[in-house]
Structure formats: C-alpha cells, structure tokens
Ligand SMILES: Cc1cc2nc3c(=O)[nH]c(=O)nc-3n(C[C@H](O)[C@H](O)[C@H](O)COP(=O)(O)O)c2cc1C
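This document starts with one chain, in the form predicted alone, laid out as structure tokens.
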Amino acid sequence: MARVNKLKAIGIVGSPRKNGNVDTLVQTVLDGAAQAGYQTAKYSLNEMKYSGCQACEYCKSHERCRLEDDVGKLLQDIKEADAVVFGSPIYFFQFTGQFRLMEDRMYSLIDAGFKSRLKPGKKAVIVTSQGNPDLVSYEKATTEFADVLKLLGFEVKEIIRMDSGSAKDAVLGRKDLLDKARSAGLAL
C-alpha cells in the first residue's frame, strides 16, 4: 500500500560555489533522507532572486512575508517540510550574505508574540564549511543559528562542521564527513 503523505526534506545551500563543499554535504544529507523514504528538494540561494527583510511587519498580521520572490516560495516549502538541511560556508566569522538575507526573512515564521508558526516536530541539520583548520574559531555562527532554529521549534538533529575547506572539492577527501552527512539524512 502506497504512503499517501510522504515525508519531505529540503536542503538550502547558502554557498556561491555550485558543487562545492557545502553543496556536496547538503546533497549527501538529502541522499540519505531519500534512502530513508523522504521526498527531497534543494534550493541554491545564489541562483535565486530575492531581497532581504524590509522590516515592514506585514508578516505579523498576515502570516506570511509580503515580498513575493523566490525566498517567499522557499519559506512556504520550509512550512511544508518535515526536515530542513541548512548549509552555508562561514565567511568572516558568519554565514554568507546570501544565507543571512534568507535567515532574516525567516522572521516571518514567527507571530507578533514571538511564537513559531511552524508545525511542531520539524527536524533540522546544519552544515558548515570553513577554511580555518580550527573548528572552534567559528563555532559561534553555528551555535547562534541553532538557537534561531530552536526558537522556531526545530529539533536540531545534527551539526556537520567542516574545517580546512578552502578548496572547492576538499570534502571529497573527507569520508568521515560524507559518512556523517549520509547518516544524518538516514536518521531523519
């Protein structure tokens, strides 16, 4: 008997590098999720057309962002997804500008009383890559984003952090991270 409501997992890539370390790790998590029976989709923020939050507060009385662009569609997909894989390289101690613009727009996912509009039980995986070999040096960016996700009601299932990722394809030599990513997807 076919399942009527298939679970859905989406990946969001905040890297400008197509097929780079973050993109590869997010895809590997999604591949694991697909193996576990999820329907999957992936968004590349660098290829999308969108603006940052306009601080208009429209979302507080209308339950959605007033901007009708690619991130508006992504936000709707986040609402419908059972699991989301959030991925970004870390530049200058923070996630990329592409990612931070999208993250600011996630403000529309909370109501005027700062309560999440998302259904409970959503799962999240966070993926980062940095050039610096010291993972602790940029840990704050990931920790702060995990706090945003917890505010929204996500259960952060896994954080995958890559060090020494300056080369676009460095992750291909990191079987440990690729295995961790696939396992994270399977465990969703």
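From a predicted model like this one, the values you see are computed outputs, not experimental measurements. In this text, residue numbers run from 1 along the sequence as written.
Just so it is clear, the following notes concern the form predicted together with the named molecule, a form of the same protein that is not shown.
Student: Should residue 78 be counted as a contact of the named molecule in the predicted complex, where contact means heavy atoms within 4.5 Å?
Tutor: It does not: once the named molecule is placed as it appears in the predicted complex, residue 78 has no heavy atom within 4.5 Å of it.
Student: Please check if residue 174 has a heavy atom lying within 4.5 Å of any heavy atom of the named molecule in the predicted complex.
Tutor: No - in the predicted complex, heavy atoms of residue 174 and the named molecule never come within 4.5 Å of each other.
Student: Contact between residue 142 and the named molecule in the predicted complex at 4.5 Å, heavy atoms?
Tutor: Looking in the predicted complex, residue contacts with the named molecule do not include residue 142, since no heavy atom lies within 4.5 Å.
Student: Indicate whether the named molecule has at least one heavy atom within 4.5 Å of a heavy atom of residue 138 in the predicted complex.
Tutor: Flag for residue 138 set to yes.
Student: Only one of 112 to 120, 83 to 91, 67 to 75, 98 to 106 has heavy atoms within 4.5 Å of the named molecule in the predicted complex; I'd like to know which.
Tutor: Careful reading of the contacts points to 83 to 91.
Student: Though the partner is not shown here, which residues of 128 to 157 have a heavy atom within 4.5 Å of the named molecule in the predicted complex?
Tutor: Contacting residues: 129, 130, 131, 132, 138.
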